[in-house]
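Each of the two blocks below gives one form of the same protein chain as structure tokens; they are labelled structure 1 and structure 2.
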Structure 1
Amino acid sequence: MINTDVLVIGAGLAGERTAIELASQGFQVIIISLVPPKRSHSTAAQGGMQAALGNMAKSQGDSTDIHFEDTVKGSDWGCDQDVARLFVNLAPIAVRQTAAWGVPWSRVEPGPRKLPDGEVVQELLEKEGLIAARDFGGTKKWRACYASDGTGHALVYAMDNVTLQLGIEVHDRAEALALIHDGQRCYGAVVRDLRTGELRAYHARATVIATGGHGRIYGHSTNGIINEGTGMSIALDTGVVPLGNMEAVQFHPTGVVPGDILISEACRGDGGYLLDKNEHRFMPDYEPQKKELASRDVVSRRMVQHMRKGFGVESTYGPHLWLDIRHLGKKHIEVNLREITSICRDFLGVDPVRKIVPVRPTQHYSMGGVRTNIAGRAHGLAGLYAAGEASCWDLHGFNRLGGNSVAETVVAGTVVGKSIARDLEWLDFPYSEQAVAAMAEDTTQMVQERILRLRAGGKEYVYDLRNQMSNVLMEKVGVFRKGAELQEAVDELAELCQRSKHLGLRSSGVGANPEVAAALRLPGMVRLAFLIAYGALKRTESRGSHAREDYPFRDDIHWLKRTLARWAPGADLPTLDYEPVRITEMPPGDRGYGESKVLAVEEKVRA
């Protein structure tokens, strides 16, 4: 058994920032990760990191208050307002600290500047050399700090460099498969070495889940292919830790087909069209005012609606639509839309100057996750914490604002690290190491038995079940939801849950065999899929990214609350509970965008 003060599961921005906070306060930390830290999905964030620095002409007058408002509105009043307040206040410090760590943030260059829409603004001399920001959907001010076209990359490299400096131990190619706990307190995790296939136990006084999103449960996701939600499912497996708001899933309108690589909003922002199988531009039919420029959720929904009417392009990779930017001209495409151009050319072999590009709405972000309090402590199990996309801290409610999640990872990492440090100093209660060793032994044994059962051979094949699960989610729990289909999804996923108990291997299963890894993950993934569908079925309203066709209104009378899902070990079904959403500063109101209407408390009073 390996002993440490703190075990951090996950080496993305959230995990590494947490580890740095603790190591710099003198605690011993071990980080485990599926992949070397710099390969974590955080590197893929290109757009930016929100923090109200107010350095640009277009961010003059910005403040933490406005950032707060944007975040709460973005969340469709689903977020915890204490968390949002703490977050906006700390985000500027977080950005500046990463600057000191070496992130080459793009800087303000004074002088006049012409924006794409022709407007000319004057960048101020007094702001020269301070951190610049760009525009990002859903914000009143320009607030997304960026490092050229590689914000996530630059952040991850700087952060990982600090872990090197502090000598933090990282065990890569290692996967946490079960938490060691007694129903009251968490003592670490059992981990499979992805080089050798061996199991080992880590004993830690505090354990942090920072395993990122679950995007890959949906077959089509912009997330890295390792983002399978295993951190969330091992928390769920304890039976006592709830996952919050799993039905809150964000989609992006333009993932390419095949490969699901995200192409940024810029393709629509700069005037790209969406076409159907007849190469007809259909968005104006649905949204005569905003056309392709309507918000992310709205465009995604219209695309799905149109494909359902039979206007999708059939392909080997399923139906899709087309993105057309040819009319913007070669020069504009190659200069202003350089990234999009290279994605199309390098990964599809399609030249967007001459050809239309296959796209479809794609899963993008998971707002739900391990429910924690504002200090990052997981509900239900002392000694367990969560941070980043794996958590439901709840900064994002039902819709995450672009650029807020990278900022969340860094801020939450700091906050959670500090609260663990406090807990270990003051609140640590003694326990028997012997008892923990026995528990670790039992848990390891349990995982070992799962592997042996797989080797003994059930009849189900992991990739068949996996594809069925993804298809159910994509078709029935996607951007548009309605009761009958959600019920079907719930039924089908319940059946898949049962079938996933009978997985068997087709290969030998020796050593670091990837089929074993996939088969060990799948039952947890199916349970997460079930929670998404079940939570969505029960939530009879539309809020943020959760859009019910049969309940098109946001219903603050009944649904100003957060879903909490627990799954008792061995039970066939989870239980759903609800807790109120904390509203402190900003009462529910109109978002000013999106198409859902509000069923407000006042209306009830009038009615």
Structure 2
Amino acid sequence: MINTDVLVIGAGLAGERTAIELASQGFQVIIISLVPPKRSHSTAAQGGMQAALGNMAKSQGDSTDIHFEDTVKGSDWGCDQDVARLFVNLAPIAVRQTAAWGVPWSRVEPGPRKLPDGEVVQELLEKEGLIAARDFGGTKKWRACYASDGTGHALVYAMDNVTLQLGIEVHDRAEALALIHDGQRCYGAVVRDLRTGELRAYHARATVIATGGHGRIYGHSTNGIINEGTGMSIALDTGVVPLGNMEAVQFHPTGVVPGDILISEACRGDGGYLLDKNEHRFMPDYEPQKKELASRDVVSRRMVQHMRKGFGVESTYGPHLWLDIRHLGKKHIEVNLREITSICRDFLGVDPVRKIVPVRPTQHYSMGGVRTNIAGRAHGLAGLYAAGEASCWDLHGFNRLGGNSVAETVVAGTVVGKSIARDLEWLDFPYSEQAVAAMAEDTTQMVQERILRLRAGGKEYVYDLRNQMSNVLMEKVGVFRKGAELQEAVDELAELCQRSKHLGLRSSGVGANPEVAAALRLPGMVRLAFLIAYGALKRTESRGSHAREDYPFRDDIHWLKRTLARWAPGADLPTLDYEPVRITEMPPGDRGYGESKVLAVEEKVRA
């Protein structure tokens, strides 16, 4: 058994920032990761990191109050407003700190500049060299700080360098399969070495889940192939830790067709247009003010609506629309959108300087995750924490604004790291080494028995079930949802949950075997898929990314609350509970974009 003060599961931005905060205060930290940190999915973040700096001409007057308002409206009043306030206050500090660590943020260049709509603005000389920002959807001010369109890449490389400087251990190509706990406190995790197939136990005074999202349970996702919801699954397996708002799944408007690789919101923020099969710019017809820069849930729905009307471009891979950035010019595209240019040229054979790019809404982000309080402490299990996309902190409510997730990883990592440091310094975590060793041995034995059952052979094949799960979600729990289809999805996924108990292998199952890894993950993935469908079925309203065609109104009277899902070990079905969304500053109102259909509360909701 390997001992450490803190075990961080996940080496993306949230995980490494948490580890840095703790290591800088003298605690021993070990990070477990499926891949080397510089290959984490955080590197795929392209467009920007939201922080109210106010350095640009179109940022003047920006403040943390305006950022707060944008975040609450973006969440469709589903977020925790105390968390949102903490976040917007810390985001400017976080972006400046990363600059000190070496992130090459794009900088303000003084002088006149012509915007795509013809407006000419004057960037001030006194702002020269300060961190620049671009326009992103759902915001009143230009606020997304960026490093060309490789923001995540720049952040990860800088942060990983700090991790190395602090001597933080990273055990990569390893996967956490189960948490070690007694139903009240978490003591670490059992981990499988993906190089050898061997199991080892980690004992930690504090354990952090920072494994990112679950996008790969959908058939089409912008997420990397490692984003399968592992951290959420092992928390759910405890039976006592709830997952929050799992029905809240964001679709990004511009995934490329085919391949579903993300085309950054920066393209639209810099002035790109969405076109239909007639090369007509249709978004102003639906959203005359925000146009392509309404929030992501609104733009995705408008795109699907437009394709349903017959204006989609038919292709071998299904209908799609076009993204046009040609009018931005060769220099702008190849400097500020160079990663997008490479993706289009390398994966589609399309040069965006000269041609329009095929795009459609694609699963992108999970607002749901391990439910935590404002300090990042997981509900239900002491000693367990979560940060980033794997958590339901709950900054995003039912829709995340572009750029807020990158900022959240850095801010939440800082907050969680400080919380753990305080807990470890002042709180006595009582445990018997013998008792923890016995728990670790029992948990390891449980995982080993799962592997032996797979080798013994069941009738179900992991990839068949996985494809069925993904198809059910894409077809019936997508951008638009209906009660009848959701019920079908729940029934089909319940059956897949049962079938996933009888998986067998077509390989030997020995050593570094990818089929074993897939088979160990699949039951948890199917349970996450079930929670998404089940929570969506029960939530009889539309809010943010959760759009019910049979319940088109946002219902603040009955549904201004957060879903909490628990799944007891051995149970066939989960239990859903609800907690009220605390309104501490900004009462529910009109978002200012998208269709305004609200069943409003009769009086202000206060904490």
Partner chain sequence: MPNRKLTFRVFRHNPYDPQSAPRVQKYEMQETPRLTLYGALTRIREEQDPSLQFDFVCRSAICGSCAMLVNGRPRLACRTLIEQLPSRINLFPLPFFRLVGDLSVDTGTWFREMGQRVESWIHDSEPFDPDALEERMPNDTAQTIYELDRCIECGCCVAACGAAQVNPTYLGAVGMLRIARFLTDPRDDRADSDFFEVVGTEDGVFGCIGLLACEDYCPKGISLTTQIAYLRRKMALTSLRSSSNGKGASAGAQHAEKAKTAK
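Just so we're on the same page, residue numbers count up from 1 along structure 1's sequence. Take the two forms, superpose them, and find the largest set of C-alpha atoms that agree within 1.5 Å; that set is the rigid core. Quick caveat: nothing in here was measured; it's all calculated off a predicted structure.
Taken from the structure described as the form predicted alone is structure 2, whereas structure 1 is drawn from elsewhere. Rigid-part assignment between structures 1 and 2: residue 434 and residue 302 end up in two different parts. Treated as two rigid bodies, the chain between structures 1 and 2 differs by a rotation of the smaller body against the larger of 23 degrees. The rigid core superposition between structures 1 and 2 gives a CA shift for residue 345 of 2.8 Å. When the core is overlaid, the C-alpha of residue 354 ends up 7.6 Å from its other position between structures 1 and 2.
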